[in-house]
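Only one chain is shown below, in structure tokens, and it's the form predicted alone.
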């Protein structure tokens, strides 16, 4: 971050110094919300959560090197006391962003693929200058300003991931760091129950393009009608990406290898180059193409874009991580989160990776689907039950619709298998277990050398622990 004295931080956040805080003491960063992440020169932001109150760790944070604590009440340590720590954090990030007019802000949103696209785009912009991007999925009202506060006078690009849990959330994030380029990937079914319908999701995602200046660029998915319609909601220039012929940045001659890794010809107005991804699954093609379109608008040569995309490996955990065990078992850890769209993509990847092999899956009932929850979870069960599996584990609560759908589909697997590979037909066991640990134990009883298993579910189920256990590692 840009170094700031405590007096200036108090001014920006409308706070008051307390606990013998020295107004001349300088915060040099980082700004952190976990006392374990404190380093000398840090500002520790204390949040009161449902189970842990950061204020209780204020003195510990200062002993570890924090200059002061940004707090909502007086603590036993030097502090800047504010009415609302989240609002103060946003104000501080807004001031820091405004002090860096030479940095180009790129916002990425969509129902699925935000983190992968952000990671790819950050790799591309790093070829042109110092870049900051969120760690993992720091994309909400806390993670977003924390990312912005990592920027300093050397920063040329901020690649920021923006999420929405309701109308107005993305608009608020764009005020912290106004984007010049906005990338919208898709409008899907994530948080469908929260928003009430895909049109409302599109309204929320479109707040990113509405925030763009006249001399900015909206990078929109030509293959998603709801995204394409966002062109009418911005004064910025519009660039389309996708497989549609009218997309300026296109993926042509798309193929997939035996492990589900895509290759395509990246076609642009100034030339083309072949991309061969190391990332797994069909969504990686869309995500890489979106990153390519934004990088192209920034002036990166097509050959360089293609080369970087072809060398990229996953940066963020638990998103289509494919690991081969010493015994030949392949574990697909896609457990970061799940919705109906990403579940279909994951099972398609399982079909590619598992062709000719015994396939298993560990899944859980999807959340936040509103009044359509029962039907969509039944559909998920039918997808899993008809995927040619040799065994299915459904973990956690509210699993009845998934189990019912899977049982119905498994009775007629020849009608449902998306791959045409019937290696899993016959008496497919379907087991319901309470948690991630029990899921790992159950599927371990089935696995033999050479098998492949998909692990995917909503974040609340922590199924990454299942994958870790299957790989023989300690849970994190």
Ligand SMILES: Nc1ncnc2c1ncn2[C@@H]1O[C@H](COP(=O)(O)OP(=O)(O)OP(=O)(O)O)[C@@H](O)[C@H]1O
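Numbering follows the first chain given and starts at 1. Everything numeric here is computed off the predicted structure, so don't read it as measured data.
Here the subject shifts to the form predicted in complex with the ligand, a form of this protein not shown in this document.
- Contact between residue 112 and the ligand in the predicted bound form is found at the 4.5 Å heavy atom cutoff.
- A residue is said to contact a partner when one of its heavy atoms sits within 4.5 Å of a partner heavy atom; residue 320 meets this definition for the ligand in the predicted bound form.
- Remark: residue 330 does not count among the residues lining the ligand in the predicted bound form, judged by a heavy atom distance of 4.5 Å or less.
- In the predicted bound form, no heavy atom of residue 207 sits within 4.5 Å of the ligand.
- Contact annotation: of the candidates 268, 131, 137, 97, the single residue with a non-hydrogen atom within 4.5 angstroms of the ligand in the predicted bound form is 137.
- This chain is drawn without the ligand; in the predicted bound form, the residue among 147, 186, 125, 85 with a heavy atom within 4.5 Å of it is 186.
- If you check the ligand in the predicted bound form, you find a heavy atom from every one of 116, 283 and 336 within 4.5 Å.
- Partner proximity in the predicted bound form, defined as non-hydrogen atoms within 4.5 angstroms of the ligand, places exactly one of 337 to 345, 302 to 310, 75 to 83, 387 to 395 at the interface: 337 to 345.
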